[in-house]
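Just the one chain here, the form predicted on its own, laid out as structure tokens.
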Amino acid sequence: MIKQLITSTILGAAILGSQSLLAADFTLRFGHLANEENIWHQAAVKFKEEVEANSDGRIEVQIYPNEQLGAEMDVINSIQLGTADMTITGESLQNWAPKAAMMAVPYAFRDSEHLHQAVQGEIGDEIEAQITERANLVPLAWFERGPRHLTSNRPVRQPADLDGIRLRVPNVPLFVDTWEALGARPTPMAFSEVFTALQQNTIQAQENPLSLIESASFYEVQDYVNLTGHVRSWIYVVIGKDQLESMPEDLQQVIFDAAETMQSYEAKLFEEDEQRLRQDLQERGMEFIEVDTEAFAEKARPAVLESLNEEQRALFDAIQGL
């Protein structure tokens, strides 16, 4: 009898436990492009932990890294259709909200502090409002991205030092125009081809954040990291507006609070990672060169302004005025 009672108790507890596991009122499908080691994914896991703990299990967050739900644009479209709920996205949002182009404009920001001032102020509010209005996505948090720097086999301190250097750039017209204005010979090329092209001297330089310079082993074929910081940008963690508003206000607040915690957590990881990357690249033989960023910015400005529409130019000017 006692044995039956114990068995019934254990079985009852198991049933209750399984019911609690299935008791989430809302499930958020959070797809992104980063792998499990990336700090963006670590931040997403932090968000999941915070949301599930502070909603008492009423919200479940399912994370899909490595483009499991599709590429960035695919996931955005899925959120708008209601088959996904959250993602991490950047300047691709300009397809809906032109002001989001500021997230990848060369020399829009002088330094990290300038970027923070813009994103956390009225300019960031303007960009976020347009994203919500036109893409039906609500930015919950933002992450600073590593600035793009120029690598080469000769030091570059002034625009004149470029002197026709063959430089790989992504297939982005603004990037091509900017580097041409600076005196280089930009060559659009797939990222997967860059290492071999540098090795064979088809190109002599490339530009990317420190994280990609390290992961692509460019230290094996490039001697210098020239600290041009020509693109300083950020990305948003977004949620579908309809999905967010389908929740009661107390759960929406759980989402907002968790996003704030995630943002602070990622910012700490980002700062630590940038320091680690610089140290690692130096240990692998790369020399870091300080450049005259004002001279670069001044020479690039006409090409940058030419690429912007009236609305974007007004925002660019407002950023410069901070």
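What you see is a predicted model; the values in this text were computed from it and never measured. From 1 onward, residues are counted along the sequence shown. Note that the rigid core is defined as the largest set of C-alphas that superpose within 1.5 Å between two forms.
In what follows, reference is made to the form predicted in complex with a small molecule, a form of this protein that is not presented.
J.: Is Leu174 close to the small molecule in the predicted bound form, meaning a heavy atom pair under 4.5 Å apart or at it?
T.: Although the small molecule is absent here, Leu174 would stay clear of it in the predicted bound form, with no heavy atoms inside 4.5 Å.
J.: How about Arg232: is it within 4.5 Å of the small molecule in the predicted bound form, going by heavy atoms?
T.: No, Arg232 stays farther than 4.5 Å from the small molecule in the predicted bound form.
J.: Quick check on Arg145: any heavy atom within 4.5 Å of the small molecule in the predicted bound form?
T.: Yes.
J.: Using a 4.5 angstroms cut-off on non-hydrogen atoms, would Asn208 count as touching the small molecule in the predicted bound form?
T.: Flag for Asn208 set to yes.
J.: Which one, Leu33, Ile289, Leu277, Ala267, lies within 4.5 Å of the small molecule in the predicted bound form by heavy atoms?
T.: After the contact test, the surviving option is Leu33.
J.: Within 4.5 Å, heavy atoms only, which of Asp161, Glu72, Glu214, Glu180 is in contact with the small molecule in the predicted bound form?
T.: The residue in contact is Glu72.
J.: Kindly indicate whether Thr89, Ser92 and Arg168 are, all three, within 4.5 angstroms of the small molecule in the predicted bound form, using heavy atoms.
T.: Looking in the predicted bound form, the three residues Thr89, Ser92 and Arg168 all sit within 4.5 Å of the small molecule (heavy atoms).
J.: Which of 78-86, 111-119, 238-246, 145-153 has heavy atoms within 4.5 Å of the small molecule in the predicted bound form?
T.: Looking at the partner contacts, the answer comes out as 145-153.
J.: Asn208: with the rigid core matched between this form and the one not shown, does its Cα shift 2 Å or more?
T.: Yes.
J.: Relative to the superposed rigid core, does Phe218 relocate between this form and the one not shown - that is, does its Cα move 2 Å or more?
T.: Yes; that C-alpha moves by at least 2 Å between this form and the one not shown.
J.: Aligned on the rigid core, do the two forms place the Cα of Val138 2 Å or more apart, comparing between this form and the one not shown?
T.: Val138 C-alpha, core-superposed: shift of less than 2 Å.
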